[in-house]
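For reference, the chain that follows is the form predicted on its own, supplied as structure tokens.
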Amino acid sequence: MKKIIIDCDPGIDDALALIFAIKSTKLNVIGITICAGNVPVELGAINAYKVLKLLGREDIPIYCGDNLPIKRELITAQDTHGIDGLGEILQEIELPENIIKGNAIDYILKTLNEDDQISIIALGPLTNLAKVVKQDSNVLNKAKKIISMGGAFQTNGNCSQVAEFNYWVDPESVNIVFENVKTPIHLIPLDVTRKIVLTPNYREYLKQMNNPISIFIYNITNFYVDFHWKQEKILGCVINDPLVIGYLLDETLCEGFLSHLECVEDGKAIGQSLIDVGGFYNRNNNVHINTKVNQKKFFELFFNTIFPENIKTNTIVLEGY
């Protein structure tokens, strides 16, 4: 089993990615670290715990980072995910006293220094990882693999004309992280995640399955569906973060290329991902950016992993993709 730390800001699609990863028999989620992004850190921790409780996996430790990006004030995406971060399903819950195990930055530092077989799955802003680098500039190079959901290459942004939300929230952290890696980070940008749409047919299937996990996914994505229709006139909703888990399980889901990435830190284009396609600046390759995805293959893996008891039915549903 691949050992992973999931750094996230739950978030509707983060919650789906957590379910996907924890349900996989090929992944061992050894810890969840919370960054500020979609929601403040405290709320993100509550939402992560809701997922763990749903899955009966409260044994997975949660660690919290700081609420502020490296240089700027936090702007959340609660207009997209709901005030509670999970589609305003009104499921209030208090964290048990001992559920938060410590500081996210300290945990990542300690874990990577003790074990070189850990992969980092970054589903939110890169604040926690940048703060790790500020303490030890070489530590991320001890990770087996780093995969980040962020950026936009040949597509428009989702919070400005050019910027994807995770990288827009804390562009300074993006540059700190990418400047201090020797092995290219695998990037899952909007170019590929925009093709991962939980369609009305898929959502109806989740409703008809009528089990606790499927109903949870159906309920939290209601708010997402309404947002995506108002914002982009999409029927269904784009679920960005689960593609990162799918890619970790099967890299053939996506295709891309090596290049150099830096992030714009100021001005109207703040958060824009600059990909040096032509090699104009003669910089080292620090990113493997994915630009193509097999969405049907993704959903086959997604449904079969989360609902393995329904593989035959999953196949029938997916044939009508």
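This is a predicted model, so every value here is computed, not measured. So that there is no doubt, residue numbering starts at 1 and follows the sequence shown.
The next section is about a form of this same protein that is not shown, the form predicted together with beta-D-ribofuranose.
- For the residues 190, 217, 176, 196, the 4.5 Å heavy atom test against beta-D-ribofuranose in the predicted complex is passed only by 190.
- This chain lacks the partner; the member of 153, 223, 107, 165 within 4.5 angstroms of beta-D-ribofuranose in the predicted complex by a non-hydrogen atom is 165.
- Annotation: in the predicted complex, residues 161, 170 and 272 none come within 4.5 Å of beta-D-ribofuranose through any heavy atom.
- Although the partner is absent here, residue 240 is a contact residue: one of its heavy atoms lies within 4.5 angstroms of beta-D-ribofuranose in the predicted complex.
- By the criterion of a heavy atom within 4.5 Å, residue 38 is counted among the residues contacting beta-D-ribofuranose in the predicted complex.
- beta-D-ribofuranose in the predicted complex comes within 4.5 Å of a heavy atom belonging to residue 149.
- Heavy atoms of residue 123 reach within 4.5 Å of beta-D-ribofuranose in the predicted complex, making it an interface residue.
- Stretch 8-16 is the contacting one of 21-29, 8-16, 294-302, 307-315, since its residues have non-hydrogen atoms within 4.5 Å of beta-D-ribofuranose in the predicted complex.
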